[in-house]
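Encoded as structure tokens, the following chain is the form predicted alone, with no partner shown.
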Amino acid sequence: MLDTLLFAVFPYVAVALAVVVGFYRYFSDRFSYSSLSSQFLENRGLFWGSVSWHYGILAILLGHLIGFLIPRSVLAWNGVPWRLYVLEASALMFGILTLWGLVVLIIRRFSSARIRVVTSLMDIVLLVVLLVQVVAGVWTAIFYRWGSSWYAGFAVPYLWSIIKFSPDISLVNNLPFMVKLHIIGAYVIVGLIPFTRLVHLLSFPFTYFWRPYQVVIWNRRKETRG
């Protein structure tokens, strides 16, 4: 019963929240679609944490996306031992990089009095959820070998069953606890998007990729010599 609620019902609840509340927030308070940068309050810690976090999480998400779209190719790649080792080591490396960046950002946010003042309850909730999610992912990479293979063989078919509105929770029933926590954490993050600073993901300026180049010209006033 609990697995049914968590893996067959909750995914749709999370997506519905993200869509409905996301649209509501966009049309009712469009200017809140941002991450509310605190760079002007403190920059050094933000740089080291943000760079590590973004490079790490983008690589991890790209790996998950590739496995989701072409699982058979991933399994074929893993059929050669050295390629499997390279993939697993790379995933662990980027996972640790992501965790390091997140920890730096958390320490920065709570060690600076100026930043604590602008930290909301939802900021704290989001950081806790992200920390649990990343720790679960790194834990899985360390203690459960060949995660890329069983991700492609079990988690991906389960996710496709969700998309097809025919959830097959038998594919995840027997997975380890930390793996289940990692899957549920992903749904929680999706549901939190419209309530937190993650909403800025929906306002990414994709048009920048195809807009014409802009020429910036500096106009400096000439010094007058007496």
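Quick caveat: nothing in here was measured; it's all calculated off a predicted structure. Heads up: residue numbers just count along the shown sequence, starting at 1.
Keep in mind the form predicted together with protoporphyrin IX containing FE (HEM) is missing from the figure; the text below concerns it.
Of these, I162, I66, I169, I57, which has a heavy atom no more than 4.5 Å from protoporphyrin IX containing FE (HEM) in the predicted bound form?
The residue in contact is I57.
Would A186 count as a contact of protoporphyrin IX containing FE (HEM) in the predicted bound form, using a 4.5 angstroms cut-off between non-hydrogen atoms?
Contact with protoporphyrin IX containing FE (HEM), yes.
Could you tell me if V125 has a non-hydrogen atom within 4.5 Å of protoporphyrin IX containing FE (HEM) in the predicted bound form?
Judged by the heavy-atom cut-off of 4.5 Å, V125 is well away from protoporphyrin IX containing FE (HEM) in the predicted bound form.
Might W150 be said to contact protoporphyrin IX containing FE (HEM) in the predicted bound form, defining contact as any heavy atom within 4.5 Å?
Close contact exists here: in the predicted bound form, W150 approaches protoporphyrin IX containing FE (HEM) to within 4.5 Å, heavy atoms only.
Might P71 be said to contact protoporphyrin IX containing FE (HEM) in the predicted bound form, defining contact as any heavy atom within 4.5 Å?
Outside the cut-off, so no.
So which residues in 128 to 142, when you check protoporphyrin IX containing FE (HEM) in the predicted bound form, have a heavy atom no farther than 4.5 Å from it?
Those in contact are Q133, V134, G137, V138, T140, A141.
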